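Below, in structure tokens: the form predicted on its own, a single chain.
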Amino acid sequence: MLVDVRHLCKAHPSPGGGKPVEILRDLNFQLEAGGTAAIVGPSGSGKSTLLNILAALDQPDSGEVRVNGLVPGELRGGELVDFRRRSVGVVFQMHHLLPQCTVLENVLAPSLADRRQARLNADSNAREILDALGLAHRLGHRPSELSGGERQRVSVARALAGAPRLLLADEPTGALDRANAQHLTGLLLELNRTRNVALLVVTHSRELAARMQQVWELVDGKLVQLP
């Protein structure tokens, strides 16, 4: 099992300093290698919190979380950096591209600390991914010169640059029009098939969710699988 979450609990501090607000309550979830799943639910239900825990950007209060055989909350230093680069790729709703860098430089940014040969391999891999995403003609352009859909595709390429086993996408189509949203969804599913990368999408879009193999709804801090 690539993702195995058992009895996960997470609470956020109360704005008034009172009892913490429970976000995730005894949550259980599994995703197989190469699988696809969507999590739906209203804003504030904890969807992004769950993704952040899986990406080691946040810590659970209790429960067991394993991703690619590792416990993200136990990783430190170089192990944590390597996990975020090679086990998990993250696509956010806002692309967070570096405005002063070109498309290719943005995708290569996570590999800058690698050894020279590794950087050369990263360059070849980045060009291959960008070509697969229809951006081979945009390598030298900066984010301000791209459309919204193109910027989001660059963020997908950056997330895939380390060849992760799992791709987490937080509202990846939320800022796109319907045509671009459908195009990006198709590309994500194609990458899932061709690169055997598991795909977990958090979304408000029922249309996007319906194209995943599993659909879960986050209700009162727990996941309920939808038919």
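Only a predicted model underlies this, so the values are computations on that prediction, with no experimental measurement involved. Numbering starts at 1 and runs along the sequence shown.
If you look for the form predicted together with a small molecule, you will not find it shown, but the lines that follow are about it.
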Check your understanding: If you check Thr36, Asn68, Thr185, Thr49 against the small molecule in the predicted complex, which one has a heavy atom within 4.5 Å?
Key -> Thr49
Point to revise | Partner-contacting position among Ser111, Ser87, Ser155, Gln93 - heavy atom within 4.5 Å of the small molecule in the predicted complex | key: Gln93
Check your understanding: Looking at 60-68, 36-44, 190-198, 155-163, which one sits within 4.5 Å of the small molecule in the predicted complex if you count heavy atoms only?
Key -> 36-44
Check your understanding: Does at least one non-hydrogen atom of Ile23 fall within 4.5 angstroms of the small molecule in the predicted complex?
Key -> yes
Review point. Would Arg211 count as a contact of the small molecule in the predicted complex, using a 4.5 angstroms cut-off between non-hydrogen atoms?
Key: no
Review point. Is Pro13 a contact residue for the small molecule in the predicted complex, using a 4.5 Å heavy atom cut-off?
Key: yes
